[in-house]
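Below you'll find only one chain, the form predicted alone, shown as structure tokens.
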Amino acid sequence: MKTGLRFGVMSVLLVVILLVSACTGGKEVNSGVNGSLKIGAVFSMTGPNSPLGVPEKQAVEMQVKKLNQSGGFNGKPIELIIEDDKSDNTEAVKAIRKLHKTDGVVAVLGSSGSGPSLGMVEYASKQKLPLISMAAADQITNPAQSGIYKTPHTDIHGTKRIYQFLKEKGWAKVGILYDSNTYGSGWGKQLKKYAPEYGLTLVSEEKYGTKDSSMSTQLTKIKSSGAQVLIIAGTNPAPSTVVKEAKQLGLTIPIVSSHGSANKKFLELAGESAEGIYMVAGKLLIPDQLKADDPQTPVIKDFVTNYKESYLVLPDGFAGYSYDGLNMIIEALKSVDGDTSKLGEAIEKVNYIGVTGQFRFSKTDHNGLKEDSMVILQVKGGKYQLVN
């Protein structure tokens, strides 16, 4: 190629680059199918955490469809790319790496479980990829890291809310039984830490493995410990196994379960043994029992109506976690005029009333919730009823 011609081609390319840069204002642009806004999600659609991951997937698919029918984001369709981590920590990291490196998403939702989420947090933090987790462990956002957030109430919130309830009931001697995985161990840590603050004494502490089929040995020890109440912390199906075996063993003390099993699946698995069991949870499980002046009430009722129309079943708290996470990503992008390079910081400034609670993030708090947005429920007649 002659020098003059080569110079002319280079000049044309330079003009094109400058024009593209001018049109985008120097902003980071994410172009998927038809110039779509690409958002990734890693959910546990198979494995032990699937009772969490499946409703999370359904909720975001429902909301993306609704948003796209209304014009998407700034006229661009939202493209949701979902990966299944199979409830496995290694698979979760592989999934977020694919979404980031191969698919080029602007942010990621997930994962469903605390263990997989912590692996994703490490990757997202290093890569400066905005991440909103659907898992409960406090260490996901404590200490707060730039661009890393979570939507569920933490194990600290749940612990404090349960302990407030126990103190009111006068149940001072407490037995605890928790999963040995990241989620359950996090609860165990907080239950031990905050008991003295509420004047409670832990008289028995037992663990079980996520895949254990029986907890009768642990329950027998708790039965002879003098405990006035039992707190269990885990995700289905284990908590349902615990309450069934407790009944078989004649353990008559009240049982309070963590929000990790706060869904319809627990009722199905536990059957008649669920009757009388207490549960700490968000308000989404009781949409018809909320106060009219609660700011969450219209948000929750709208979500429940849309979800039921889409899937013919009522949603649980896990569906709300992903729904809130997606909406906060969209709200944050609106606040920075679609500049994806500012998304991580923009989420921190979002003041959002969701189905899980009212989120008020700060530099040191990337969960943004308080324990007062949790409630105590009890299973009566096969349904969750508001107690406190």
Partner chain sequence: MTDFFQFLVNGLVSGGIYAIVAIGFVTIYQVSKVINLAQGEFLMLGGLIAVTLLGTGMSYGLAFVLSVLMVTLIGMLLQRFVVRYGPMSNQISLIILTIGLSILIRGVASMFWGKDAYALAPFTSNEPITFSGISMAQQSLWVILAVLLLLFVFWFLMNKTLLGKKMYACSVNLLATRLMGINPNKMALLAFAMSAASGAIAGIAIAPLNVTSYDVGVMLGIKGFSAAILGGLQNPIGVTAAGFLIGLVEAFGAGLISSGLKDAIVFLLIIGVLMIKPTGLFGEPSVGKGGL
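Rigid core: the largest C-alpha set superposing within 1.5 Å between the two forms. Positions refer to the first chain, counted from 1. Just so you know, these numbers come straight off a predicted model, no measurement behind them.
A second form of this protein, the form predicted in complex with the partner chain, is not displayed here; the remarks below concern that form.
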Exercise. Thinking of the partner chain in the model of the complex, which stretch from 190 to 198, 97 to 105, 146 to 154, 207 to 215 has heavy atoms inside 4.5 Å of it?
Worked result: 207 to 215
Problem set entry | Touches the partner chain in the model of the complex: Gly47 (any heavy atom, 4.5 Å) | yes
Problem set entry | 4.5 angstroms heavy atom contact with the partner chain in the model of the complex for Thr182 | no
For this session: Would you please decide whether Lys169 lies within 4.5 angstroms of the partner chain in the model of the complex, comparing each non-hydrogen atom pair?
Result: no
Exercise. Can any non-hydrogen atom of Thr220 be found within 4.5 angstroms of the partner chain in the model of the complex?
Worked result: yes
Exercise. Taking Lys265, Glu268 and Glu272 as a possible spot, do all three reach the partner chain in the model of the complex with a heavy atom inside 4.5 Å?
Worked result: yes
Exercise. Which listed residue (Thr252, Asn74, Gln127, Gln248) meets the criterion of a heavy atom within 4.5 Å of the partner chain in the model of the complex?
Worked result: Gln248
Exercise. Superposing on the rigid core, do we see a C-alpha displacement of 2 Å or more at Val242 between the shown form and the other one?
Worked result: yes
Problem set entry | Exceeds or equals 2 Å, Cα of Lys207 between the shown form and the other one, core fit | yes
